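As a starting point, one isolated chain is supplied in structure tokens, in the form predicted alone.
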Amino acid sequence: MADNILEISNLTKTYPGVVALDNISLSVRRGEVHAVIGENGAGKSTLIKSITGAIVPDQGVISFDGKEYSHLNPKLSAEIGIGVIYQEFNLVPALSVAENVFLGNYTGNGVTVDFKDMNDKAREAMRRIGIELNPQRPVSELTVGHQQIVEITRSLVKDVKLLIMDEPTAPLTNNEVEELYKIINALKEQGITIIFISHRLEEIFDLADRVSVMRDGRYVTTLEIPNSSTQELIQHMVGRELNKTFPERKKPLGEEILRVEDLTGNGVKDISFSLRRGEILGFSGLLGCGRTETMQVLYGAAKKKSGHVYLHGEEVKIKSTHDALERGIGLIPEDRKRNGVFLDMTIKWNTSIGCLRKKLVKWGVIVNEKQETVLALEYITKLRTKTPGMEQLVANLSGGNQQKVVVAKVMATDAEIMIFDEPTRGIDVGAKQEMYSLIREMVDTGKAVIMISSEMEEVMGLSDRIVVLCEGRQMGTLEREEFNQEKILTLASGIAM
């Protein structure tokens, strides 16, 4: 284990206004699972891209398997035995499992492709990690977990020595996570080194041998997992101690501002609940229970078949997302990259796009750019968004800061009801606490929040009440004094109490 397969020395990478990597040095031992953690913006992604050759560092040395490189490129990185699985898979859905495994490297005689050979080799590689998948099956028919296995198999047939996994459990169900754990252990037994990046600290303690911490583009420390604790890792990540994870409510609840009766449509039926000013109403349930679908109907993003929605005691018809925004209802979606922001546009543009007509357009056609600048600066300051400036493209921000831009876009519309769908998915522990504080600040100023969360601790820690769904139906509503993990899971499993 003392033999290092990877050594990084004084690696530096800068972008306009940002030092992404600041003189980073760390080593990875041969055959270990080495976790790399840090808040969003700590430099983890830039480090991965430097190792895999996706970017060229400004300075520094990368030593792999005894050879030194000033920089790598993707082809060389793959040839020397470095593989990577990004959060967004690089697969061709219409092709088969085997075709994806050997994509760009088909076997044959140079004129024809030997599909039988590819199928056999793909099947054999999967058996090495205890998986049986039909190599002829189209990738489009696979679950997310099995698509990830195709990515892993692609690395195996290339004789990978170091496999980098970037947030590999983020898109997986609980059962798929368990399967991935077994695969990682099987890879380790075969001598393959793994760099494991995750925001979920429990996974670090389940899988890793050592963990390296990064903060603000700098290397902080490397710890042996048996000799470290969750609190110690958090302190190294954020540079401070986080005591109270969930801020307490400071003001009493106000009057009812929203009432939903027998809402039906988009796969859900007869959903009823109320929401008071200053309240955080949690929605809980197992994957596919209908939480997001309910909010899509309420927000006008999906068609309502029946039911009634009342705002301030008056029934309203919400037939589109525009109607919802006009009525003061805003939605921060689960998939911020696809549905929440325009990645190729600036922070300023994203912040103002939802309220142009309402606040910033004069005479119906001219945007008041001065007011737009003031608005963007207001929310960058209010949400403590880390950015060189308002003209920064959202695609260049960390996940946590992209989430803040989504929130700013909705807040700028002056919505009084904010719907958060998985508000902390894919963001680190420090950014999570900032989001919790932001949500609490919102309701303390008189807004109301509906929050969907798959994290039990989160939904119980923040909510004033919790609505539990199962297969599109409402199983119950729990008051805060009734909160209990066993109760929630019982209801979520379809068992009435």
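Just count from 1 along the sequence shown to find any residue number. None of the values given here were measured: they were computed from a predicted structure.
If you look for the form predicted together with a small molecule, you will not find it shown, but the lines that follow are about it.
> Using a 4.5 Å heavy atom cut-off, which of 275 to 283, 89 to 97, 394 to 402, 371 to 379 contacts the small molecule in the predicted complex?
Correct option: 394 to 402.
> Under a 4.5 angstroms heavy atom criterion, identify the one residue in 334, 209, 167, 151 near the small molecule in the predicted complex.
Comparing distances to the small molecule in the predicted complex, the residue within 4.5 Å is 167.
> Does the small molecule get within 4.5 angstroms of any non-hydrogen atom of residue 44 in the predicted complex?
Residue 44: contacts the small molecule in the predicted complex.
> Does residue 386 reach the small molecule in the predicted complex, with heavy atoms at most 4.5 Å apart?
Residue 386: yes, in contact with the small molecule in the predicted complex.
> Would residue 488 sit within 4.5 Å of the small molecule in the predicted complex, counting heavy atoms only?
Close contact is absent here: in the predicted complex, residue 488 is far from the small molecule, nothing within 4.5 Å, heavy atoms only.
> At 4.5 Å between heavy atoms, is residue 24 in contact with the small molecule in the predicted complex?
Answer no; every heavy atom of residue 24 is more than 4.5 Å from the small molecule in the predicted complex.
> Would the small molecule be touched by all three of 15, 39 and 199 in the predicted complex, meaning a heavy atom each within 4.5 Å?
Yes, the whole trio is in contact, each within 4.5 Å by some heavy atom.
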